[in-house]
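Presented below, as structure tokens, is a lone chain in the form predicted on its own.
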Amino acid sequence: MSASFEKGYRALMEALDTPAAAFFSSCVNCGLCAEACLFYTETGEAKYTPIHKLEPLRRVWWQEYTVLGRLARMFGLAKPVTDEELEAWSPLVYDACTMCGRCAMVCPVGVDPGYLIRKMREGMAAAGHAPQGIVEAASRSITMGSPAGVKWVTVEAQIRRVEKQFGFTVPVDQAGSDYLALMSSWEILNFPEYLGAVGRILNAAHATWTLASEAYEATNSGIQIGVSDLARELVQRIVTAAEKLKVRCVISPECGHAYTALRWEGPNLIGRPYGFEVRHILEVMDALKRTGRIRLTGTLPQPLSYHDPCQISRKGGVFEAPRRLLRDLAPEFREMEDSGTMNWCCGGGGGVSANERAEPLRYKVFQKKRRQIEAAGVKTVVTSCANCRVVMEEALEHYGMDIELLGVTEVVAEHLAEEAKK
């Protein structure tokens, strides 16, 4: 037994908490999760059934923590989990699951395979079977502050561009602000208009806000690779900056797993509640509009639809806010089939977009989203996750589809009534 496999096996054992044991005990192998899984429906391959992806972890639970399993192992009647098996399972755990949570929505006994995948990745990463792309991204998050290697100097360059374009000062490390705004690597590199849009919206609302030079990156690679210690360190970096600056609220950007990691998993990871509130930018904009602090004007005349990011809509519960914002601006707003909490994933969440070997499979499963868009009959799709935008842009280009992709934050900023009067 190699040292890395032994470490990984111990990590699998330690990851098996009470909810995991309850899920494995409850599963009736009905197969309903398969029909809810993007990877199964688009390939038809049984190996992509969500509960099947967890077989090594299930056997560890059965052999280590149940009486029958221990007896079977003792008498040589149980097949032990091996390092070779974990290596073979890596594509199922990292390439073919975005931890979107759709399978959990249909399980008749409440099993959450996405939660179990997160647990299984703990052992896979410890055993050295995480994809190289995700490993490197996680390493850059710790050493450089960002999974894409974005340094503060890059953010400073973007700040100068925003200040020149819009004529306002981007505050940095301003203590006592209402809001601390975070960005993901995608917003910094691919969608630099995001920072300008956030500033325009918060300034129009006469809110005080700031960036933090010590915590500007929202993406949590620890959640994606499956290493709780890393996830904890990245959350703590934001918590330390936010509490040092004494901000009232931290704004999670248009990034799904960043929101999940900071708002829902963060307090458990660091072992205490925050001294501030965490809200997604959608929630902030919706609240500002509903309280009259910002007003919107104009319309988007073209037919458009909204793509629900899994971590924000299904797991985060933020699905009405974007619709309230968009319906006021878009008389031709059209829902996709299976929208809201049952929407289909873009295919690149959970670190899949950072995993090069998963690219062919990612393009294949995007056909589900392709059919959704075509059925809606729109040429414009709006979403609120920068990772979803990047994944969908690449896939739309791959399939030669002429579809415009927009972010909700930029759409709102472009329709501010206060700015329209200037």
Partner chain sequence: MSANELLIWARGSGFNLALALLVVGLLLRGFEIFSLGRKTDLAPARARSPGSGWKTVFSRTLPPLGLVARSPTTYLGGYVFHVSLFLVIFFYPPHIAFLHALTGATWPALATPVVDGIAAMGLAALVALLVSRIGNPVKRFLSGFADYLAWTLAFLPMLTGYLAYHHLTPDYSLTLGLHILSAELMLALLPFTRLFHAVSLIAARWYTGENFGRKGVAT
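What you see is a predicted model, and the numbers here were worked out from it, not measured in a lab. Positions refer to the first chain, counted from 1.
Separately, the form predicted in complex with the partner chain exists; it is not shown, and the next lines address it.
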Heavy atom distance at most 4.5 Å to the partner chain in the predicted bound form, all of Val135, Ala148 and Val227: no
Touches the partner chain in the predicted bound form: Gly377 (any heavy atom, 4.5 Å): no
Exercise: Glu283 in contact with the partner chain in the predicted bound form, heavy atom 4.5 Å: yes
Heavy atom of Leu32 within 4.5 Å of the partner chain in the predicted bound form: yes
Distance check, Phe39 to the partner chain in the predicted bound form, heavy atom within 4.5 Å: no
Which of 103-111, 212-220, 139-147, 244-252 lines the interface with the partner chain in the predicted bound form (heavy atom within 4.5 Å): 103-111
Partner-contacting position among Ala354, Ile51, Val381, Met392 - heavy atom within 4.5 Å of the partner chain in the predicted bound form: Ile51
Residues of stretch 339-365 in contact with the partner chain in the predicted bound form (4.5 Å, non-hydrogen atom): Thr341
